[in-house]
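Form predicted alone, single chain, as structure tokens, below.
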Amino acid sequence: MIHFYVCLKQVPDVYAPLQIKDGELIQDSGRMVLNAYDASALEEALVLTEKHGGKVTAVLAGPEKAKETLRKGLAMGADEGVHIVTEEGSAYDSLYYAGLLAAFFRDKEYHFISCGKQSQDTDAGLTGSMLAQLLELPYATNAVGLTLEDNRLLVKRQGDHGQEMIELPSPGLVTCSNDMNEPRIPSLKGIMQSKKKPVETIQASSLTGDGIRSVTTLLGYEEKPKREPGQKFEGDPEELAITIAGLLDSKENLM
């Protein structure tokens, strides 16, 4: 019986309107959703356990209101959930989440931990790799396909120069691309069943470990600077070439 732990995160809906005012990000608190990359990781774990047998545990670190997102994971088909409750309104970086999850997983038994390759809010793409390092696990990133054979994962990953195949032993960790699959939409039956599934609640403050810390300070938010208007040149081709080369050279020197 294969046991997957899938790490989930609640993120702002990328289609919801955002506003920046006095360096603060203002967003619709009611437009929070399950991170798309995590949804693909969960879908793949569900497909594999439905085919081979096993259990899927969804783990979410987030404020109290994020329990709604964890319930969506249960409605999709996860067997049980774990909610690591963090402070409301606090901004944490990838290292903090990795340290928090590492403290949780330290005494757990599992075959594989699955994460989205990145989150929609920061796109940092660091938590999964950091978590694997803290737990000293073999890992593969940016998976676009998973196959289970003899308690080993055959990971098809998208590399810089094409697709690669990696054999991942158990226990191990994999981060998943949202190009992997199309996550299922919870059915009415699944939503009703999710209300009866067990959810363990753990306060983040009760977990301890050297890695539970943020090393990033958020100074504020700013609007993306407007793009400078383009320049149009007319005249002799040789003279234009010299002019453009000079402009390119001056920009390189400024970088």
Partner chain sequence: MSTLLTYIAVHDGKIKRSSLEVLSRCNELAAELGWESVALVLQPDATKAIEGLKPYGPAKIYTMSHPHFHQHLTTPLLRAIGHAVKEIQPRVVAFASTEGSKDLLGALSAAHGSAALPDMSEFSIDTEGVSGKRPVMAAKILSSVRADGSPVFVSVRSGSYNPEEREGEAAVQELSFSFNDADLRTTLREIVTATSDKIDLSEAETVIAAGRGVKDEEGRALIRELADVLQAGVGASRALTEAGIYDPSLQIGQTGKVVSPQLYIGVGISGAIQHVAGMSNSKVIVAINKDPDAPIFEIADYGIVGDLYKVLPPFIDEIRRIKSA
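Numbering follows the first chain given and starts at 1. Definition used throughout: the rigid core is the maximal C-alpha set that superposes within 1.5 Å between two forms. On a predicted model such as this, the values are computed, not experimentally measured, just so you know.
Note that the form predicted in complex with its partner chain isn't included here; everything after this is about it.
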- Taking 4.5 Å between heavy atoms as the contact cutoff, choose which of 84, 103, 146, 130 touches its partner chain in the predicted bound form. 130
- Give a yes or no for residue 208: in the predicted bound form, does one of its heavy atoms lie within 4.5 Å of a heavy atom belonging to its partner chain? no
- Task: Give a yes or no for residue 220: in the predicted bound form, does one of its heavy atoms lie within 4.5 Å of a heavy atom belonging to its partner chain?
- Result: yes
- Does its partner chain get within 4.5 angstroms of any non-hydrogen atom of residue 79 in the predicted bound form? no
- Query: Hey, in the predicted bound form, is residue 107 touching its partner chain, heavy atoms inside 4.5 Å?
  - Reply: no
- Which residues within 152-172 place at least one heavy atom within 4.5 Å of its partner chain in the predicted bound form? 152, 154, 156, 157, 158, 159, 160, 161, 162, 163, 164, 165, 166, 167, 168, 169
- Task: Establish whether a shift of 2 Å or more occurs at the C-alpha of residue 196 between this form and the one not shown, with the two forms superposed on the rigid core.
- Result: no
- Item | Threshold 2 Å Cα movement between this form and the one not shown at residue 17, rigid core reference | no
